[in-house]
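Taking the form predicted alone, here's one chain by itself in structure tokens.
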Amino acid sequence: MIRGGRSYVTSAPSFSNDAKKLLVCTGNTVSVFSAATGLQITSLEGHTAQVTTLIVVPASSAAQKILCYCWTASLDGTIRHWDFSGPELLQTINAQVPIYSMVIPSLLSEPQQTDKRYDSSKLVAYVSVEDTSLVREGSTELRGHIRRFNLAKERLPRGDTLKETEEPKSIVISPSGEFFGIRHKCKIHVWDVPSGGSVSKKMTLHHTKVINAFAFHPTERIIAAGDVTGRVLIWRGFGNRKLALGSQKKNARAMVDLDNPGVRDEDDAESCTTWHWHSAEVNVLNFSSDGAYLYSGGREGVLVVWQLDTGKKKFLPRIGSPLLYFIWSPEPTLSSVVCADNQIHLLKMPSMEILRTISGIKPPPSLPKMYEGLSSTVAFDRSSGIAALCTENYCVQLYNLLNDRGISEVQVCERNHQPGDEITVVVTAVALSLDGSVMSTTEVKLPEDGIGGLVSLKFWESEPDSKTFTLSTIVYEPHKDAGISAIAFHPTRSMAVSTSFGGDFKIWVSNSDKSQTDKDSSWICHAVGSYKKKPMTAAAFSGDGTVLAVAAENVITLWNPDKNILLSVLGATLTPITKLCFAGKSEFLVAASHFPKPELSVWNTSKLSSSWSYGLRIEAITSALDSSTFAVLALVPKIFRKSKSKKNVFRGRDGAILLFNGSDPKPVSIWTVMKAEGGSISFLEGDKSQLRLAYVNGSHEYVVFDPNSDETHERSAADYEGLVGEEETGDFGYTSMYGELPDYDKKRKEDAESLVTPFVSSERPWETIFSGSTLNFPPLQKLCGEFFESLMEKSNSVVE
């Protein structure tokens, strides 16, 4: 089983002492990457919930740079001490409450020993925790607590509470380890780190706007803060009165009556300066190691460098995503910036050149409500295990699911990142050919005030042995003014079909077969089809490509894609069809409908009749190429999830993957999953000896597993009795309108026995006309003629 797609940006990363490794919080684990290559080296596994804090034990001398120790804290309520060179877990401390943030001041203020068994009894941690007892009781009391813990014990007592807030807050510590603080609405609360058994003293700085981030100067009493309006505030000389010691207090009293420019509400600071360049909230603030420069960043995706004395600035623009963290390494020429699109950029300082990028799966785009549930934003290359995912900023990211690595990106529509921009273009669908060499995308430019609007269909082709796609063909308004509902590729040829809500579908072919060079290839329209002017909502090719199934609202039409001939029509479903997929060797056709009544139906293509159906809302369908196995991703009804008898089965999960075999309506296996809405599934068949199933959830996290392995069979289908309801076996098509046909064979047999004149039974080609693996149906005129001719008996003359 392979898990991936975790977020790299939930917490700040940290460099190793030699700056050769970068440690990143990734869900329940800590991933260790090489700073030279950007590849993952190892991981620290042991926490059972999200890791929220990562602290690398700093080296006090050059000889100690080989030390590879770190502390982690997690929502599972434990604090762990690691040797990440192994990796090896050295110590586990149970805090008994979820930890959202942690700092250990003595690691910064006192040199560490080289022996990994150094005395931890003197280590004191300040943690931001959540009082779970208040959460369980539904109390409105303050559940966020700042507490002081002594790490000498394996099971920590409650500890001293320094501050209570509505929710847990992130703790920021000064580089010298002398001060730490939190931001709370429009205030910054700062404590000093006491020596010996003294008590921490506290002071507060006030502002008129909500504060988003703040940082301490490495050597001086200076705090920088950024607010939601984009302003950067610099408080100088903070804590000279309230946090001063000994002789410092006497000097501070003499300064009380002095005018402190920019300081509000008698705050304990000498002055406050305001800078304003950012147009939106400031998320990132950090001083340089010498304190001469301040780095800030926010939603604009621009890193700004301020000269602290003069206020002059320079920029690293067009990073392409809002900034979340800026981290220095022990090596002054290396730093990292963390972006909201799940990317970590390693920067060469001071030029701020991006050396390399550690790429996770980018989050899904924000879609207007009218496109929710109708877009197909994930496609799979079955042979290589690569997924194409639509992301923010009109991009399609190519991601290797087997290696958990980003490969490349395709900018579907050119756009520079700007904060607060309204959505003007929506990438509604992405599709990959079976061999992964061709990609197709559809985009919609939304009209402004009812004016304008444009639908575009694009074909992209990749270089041999590469997943770098280049634009081959762009078609504007391929279906007049109507939107594109689906795209599907032919399994063996350079052919694709696009369906339209306007009532037609178009078959596209590449002229690369006729051209001598690939550079001259382009895609042209081969044929156009429609059925009673109904909206065409889904499409799929059969396994050998000889039949094209197109959903005309609530009926399924079967076509010959080469000759564009209508072969047959399957009976109507209850609601409009949104997804189609051939199963087995095209013996079955699986259809899914959403609203107003969701339905999953399986049709027998040889008998042109329904085999079975269930009342389930289906998010995705996939089928194996060389077997009759197919799988669906279903949303579990809320009523069923909340049932007392099923709570232990679903454990709060909202979806299920059901594995079926051919026409058998009983699922072979069922796996419950989280974040199923907007998810997708696909079989991966690059390794012929092993069939794998990939699931990508609505947040672009994924898992790849063997569906036939006993280890991945979470539960048998019997445990989910009632999930799919009772099988619907009602009449469909002709039978639902006119009733059952008479039994002609029985009637003819009775008539033959009652007559003296012998009859010779005629051939009935209509009984076997649909047999065969190619499903090459004859024209409707020939089919009807042979059908009625077979009903007319032919008699032989009797010679006396």
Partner chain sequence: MEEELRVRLNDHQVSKIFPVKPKSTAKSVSKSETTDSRYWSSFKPNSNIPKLVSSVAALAFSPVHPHSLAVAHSTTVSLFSSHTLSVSRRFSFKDVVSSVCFRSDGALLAASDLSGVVQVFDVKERMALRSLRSHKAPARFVKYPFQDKLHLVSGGDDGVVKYWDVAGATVISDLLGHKDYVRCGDCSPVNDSMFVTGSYDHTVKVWDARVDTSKCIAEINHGGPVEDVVYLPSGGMIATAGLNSVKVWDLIGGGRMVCSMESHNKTVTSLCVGRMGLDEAAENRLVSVSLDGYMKVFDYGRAKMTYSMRFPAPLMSVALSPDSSLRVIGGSNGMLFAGKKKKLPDAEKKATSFWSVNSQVEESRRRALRPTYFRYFQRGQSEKPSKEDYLVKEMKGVKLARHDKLLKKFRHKEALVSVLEEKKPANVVAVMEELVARRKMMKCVSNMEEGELGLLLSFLQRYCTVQRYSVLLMALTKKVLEMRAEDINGKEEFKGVLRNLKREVNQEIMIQQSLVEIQGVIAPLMRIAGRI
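Positions refer to the first chain, counted from 1. Everything quoted here is computed from the prediction, not taken from an experiment. Superpose the two forms; the largest set of C-alphas matching within 1.5 Å is the rigid core.
FYI, the form predicted in complex with the partner chain isn't displayed, but the following is about it.
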Single option in Arg415, His184, Arg653, Arg148 placed near the partner chain in the model of the complex, where near means a heavy atom within 4.5 Å: Arg415
The one option of Gly86, Pro447, Pro261, Pro596 with any heavy atom within 4.5 Å of the partner chain in the model of the complex is Pro447
Under a 4.5 Å heavy atom criterion, is Gln411 part of the interface with the partner chain in the model of the complex? yes
Closest heavy atom of Met352 to the partner chain in the model of the complex, within 4.5 Å or not? yes
Any non-hydrogen atom of Ile487 within 4.5 angstroms of the partner chain in the model of the complex: no
Taking heavy atoms and a 4.5 Å cut-off, does Leu454 contact the partner chain in the model of the complex? yes
Non-hydrogen atom within 4.5 Å of the partner chain in the model of the complex for each of Phe315, His345 and Ile474: yes
Residue stretch of 324-332, 586-594, 439-447, 176-184 approaching the partner chain in the model of the complex, non-hydrogen atom distance within 4.5 Å: 439-447
From first to last in sequence, which residues of 57-96 have any non-hydrogen atom within 4.5 angstroms of the partner chain in the model of the complex? none
I want to check Gly452: does it shift between the shown form and the other one by 2 Å or more at the Cα, with the core superposed? yes
